[in-house]
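What follows is one chain in structure tokens, specifically the form predicted on its own.
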């Protein structure tokens, strides 16, 4: 730290230089996060000084969090859903497993998750000492083999997980089958819908994945993905609100004397941003956003197939996967663990962005 500070102009110019080194969204085809909606930015600015970690001081921000959970719970066919706004899907998954382990105490707890499960479950294992058992894909598919999953369950299994819109292939596990399996063993069923939670409800004939499915205990949903809120904003949604109390610890010096969140200080700004987008767009608006993303996904697929690139599977959501090939320089495209090319058609990937990419791809032919 320098003895004397810099002028405002100097500081902002310095920061702008670093920001210019970041990849522009116009060339990001691999991220499940996107440019925040303009109303999210305005709402975020209103609540930058609020701390949900001490809700008695900021009852307005705390009420927005409750309304956000209620709105998302209703979207996912829940009644009186509980939960809270997390820093993202990783925290929500960790907390869901913590709850499951407390509901079903055993000396050597384990959870059974799909091979497609997010790497946050590895962190969960390390933090909580819970063994993670990975069930393989169905043959020729990228959804979990529930028969194989059933063979991994034993007396120490506290939860099963399913993924609704998995990170690598954008497919949806057979949630009803996984939830039924959990019910048969009297254990929890958690659905990681961090990405799919704000996509699947707005698709035509969506696959069942939420609280409409008997046996689903909890759902992870990230508004900072398709919800277009500011980063970071995730949520943990619980069918039984009282189960959140299992995570309570004393917080005697705060206005509220117990805390159940993983992190302490939590900004109300991103939560306000998420809620603002939901209120501003409504279901109709989200349906239009998802429809546009799906149309751009179809355009990308048709364009790449015209150049001879082979898709791995028919896209179910706004995520397309192709067999590996060299791509044009400057475009950010990720690869799955199996080496496939992975494209995520988020709201910032407009039709113009898709056409610019295809133009660059055509020059490689």
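Residue numbers count along the first chain shown, from 1. Everything numeric in this text was worked out from a predicted model, so none of it was measured.
Just so you know, the form predicted in complex with a small molecule exists too; it's not on screen, but the next bit is about it.
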Taking 4.5 angstroms as the cut-off for heavy atoms, does residue 93 touch the small molecule in the model of the complex? yes
Non-hydrogen atom contact residue 167 with the small molecule in the model of the complex at 4.5 angstroms: yes
Quick one: is residue 120 in contact with the small molecule in the model of the complex, heavy atoms, 4.5 Å cut-off? yes
Heavy atom of residue 270 within 4.5 Å of the small molecule in the model of the complex: no
Students should find that, of 144, 274, 194, 161, the residue having a non-hydrogen atom no more than 4.5 angstroms from the small molecule in the model of the complex is 194
Identify, from the list 327, 32, 61, 316, the residue with a heavy atom within 4.5 Å of the small molecule in the model of the complex. 32
So which stretch, 219-227, 127-135, 67-75, 259-267, is the one near the small molecule in the model of the complex (non-hydrogen atoms, 4.5 Å)? 219-227
